[in-house]
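Next up: just one chain, as structure tokens, the form predicted alone.
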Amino acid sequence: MSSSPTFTAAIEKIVERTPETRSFFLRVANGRKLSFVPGQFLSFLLPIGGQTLTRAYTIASLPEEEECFEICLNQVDGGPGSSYLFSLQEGAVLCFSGPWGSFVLDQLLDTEYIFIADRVGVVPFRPMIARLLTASGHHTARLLYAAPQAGDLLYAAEWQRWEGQCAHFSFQPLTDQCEPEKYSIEKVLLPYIEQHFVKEARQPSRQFYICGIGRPVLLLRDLLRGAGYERQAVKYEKW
């Protein structure tokens, strides 16, 4: 990772998305604008326990938003970074560097983009899909979004609105209607992906983006690559 200047930003607004997930809207000091490629993250320098811990959080903002930028994260049991952020109030100041990351949407192809998200893993797809929907070209986007229950789907109203406004975008929520401890990607996402993209209508030109929590993300990656999709056509990020 190359050197990058450190920025400071104040928390202008905090929005509770679910009981365990919050969005933090931050304004960079001195009127500076945050430039990023959809999918990139920022490295936050958090003063915790007498030391400075570095934690990465993906930018959830849409590319055209200039006033503030947004990060969206869930509170992790025993996670010092998320616990610290969840303890802050509006007006608190944070330091960060970046943006960083290669899990991005940069050059657009005239093809079908399949975004596969598990819970909070949908965050990088918000700016990615927004870019696709506003760019010229002959591409389509499909969001397959899994979570334990419908109430756990982040930005659900926005996905539904985009689907109604854009003929080349579709939103497929996948929920198990179960308690979080009983939920798994293997039960919800894997069978759907296998049925619709492995057994049926394989199109080699498709571009897949996968983001979620833990080892099951690798299972989805391996399922698609094993079905014959090109390695570079199956991009993933595991949290």
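Just so you know, these numbers come straight off a predicted model, no measurement behind them. Numbers follow the displayed sequence, beginning with 1.
One more form of this protein, predicted together with a small molecule, exists but is not displayed; see below.
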Report the residue, out of 73, 141, 147, 105, that has at least one non-hydrogen atom within 4.5 angstroms of the small molecule in the predicted complex. 73
Within 4.5 Å, heavy atoms only, one stretch in 168-176, 53-61, 26-34, 187-195 touches the small molecule in the predicted complex. Which? 53-61
Are all three residues 80, 123 and 237 in contact with the small molecule in the predicted complex, where contact means a non-hydrogen atom within 4.5 Å? yes
Taking the small molecule as it sits in the predicted complex, is residue 208 in contact with it (heavy atom to heavy atom, 4.5 Å or less)? no
Do residue 69 and the small molecule share at least one heavy atom pair within 4.5 Å in the predicted complex? no
Non-hydrogen atom contact residue 41 with the small molecule in the predicted complex at 4.5 angstroms: yes
Is residue 213 close enough to touch the small molecule in the predicted complex, meaning at least one heavy atom pair within 4.5 Å? yes
